[in-house]
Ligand SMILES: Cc1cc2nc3c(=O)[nH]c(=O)nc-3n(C[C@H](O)[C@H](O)[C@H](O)COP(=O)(O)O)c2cc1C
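A single chain comes next, written as structure tokens; it is the form predicted on its own.
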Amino acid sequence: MSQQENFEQVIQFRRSNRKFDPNVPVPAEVIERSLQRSILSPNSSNMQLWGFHWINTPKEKAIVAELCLGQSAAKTAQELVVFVTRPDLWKQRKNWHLGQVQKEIKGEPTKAQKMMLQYYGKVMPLLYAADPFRIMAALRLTVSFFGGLTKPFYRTGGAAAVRIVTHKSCALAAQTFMLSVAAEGFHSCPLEGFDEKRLKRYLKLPRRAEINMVIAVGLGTEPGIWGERVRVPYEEVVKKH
């Protein structure tokens, strides 16, 4: 079977299943491999501002299922993984990148190494730094405004822009995780219905962290599929330019 056929098979197999078989456990190595693959997901500037909380024990799963409003997918899941955005880690990630570049420098830095040092040393603080007086947000908006007057320019802004970027990256990781689970022969269901305030408190997350989604995993059942997969026609959503 070709790579294309393999991928098509995984895409067709992956369905949001809302009721899992209670008698079929998901091997720990399936979740571990899938989380390892999630870490390889594309993300903005490779800042990796995410965290994956694997809810594994029966006691923990019962608590999180309740915080997911008692949904069937959460209650019957063999495993639950909470995908979290971590914009608060930007300094740590920025310093990690700078350390990686500095370890590679032997003598005079190359042009590429100088660019990386500039990018993570100066650009990332401009994009991610937060302050109570919104000085950095005002600076970002000012730079975007004047930079974009005469040419295409990356438009950034305040905390809302950072939130959007980190949620997009985290969602890409979540999709990688679900596709990996499907490739392993199991099913998943992404959950957006949960008490974010209580779940965030339960996971002991810092103030700026946010929950992107909760993913339930198990071997799906026929009652867990709510009908045929229906999508808006291709011609309606794809615009060729």
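When you see a residue number, it is the position in the sequence shown, counting from 1. Everything quoted here is computed from the prediction, not taken from an experiment.
The form predicted together with this ligand is left out here; the points below concern that form.
Residue contact with this ligand in the model of the complex: residue 189 places a heavy atom within 4.5 Å of it. Although the partner is absent from this view, residue 156 stays clear of this ligand in the model of the complex, with no non-hydrogen atom inside 4.5 angstroms. This ligand in the model of the complex is approached by residue 193, whose closest heavy atom lies within 4.5 angstroms of it.
Shown alone here, residue 16 lies within 4.5 Å of this ligand in the model of the complex, counting heavy atoms only. Looking at 69 to 95, the one residue that comes within 4.5 Å of this ligand in the model of the complex, counting any heavy atom, is 71.
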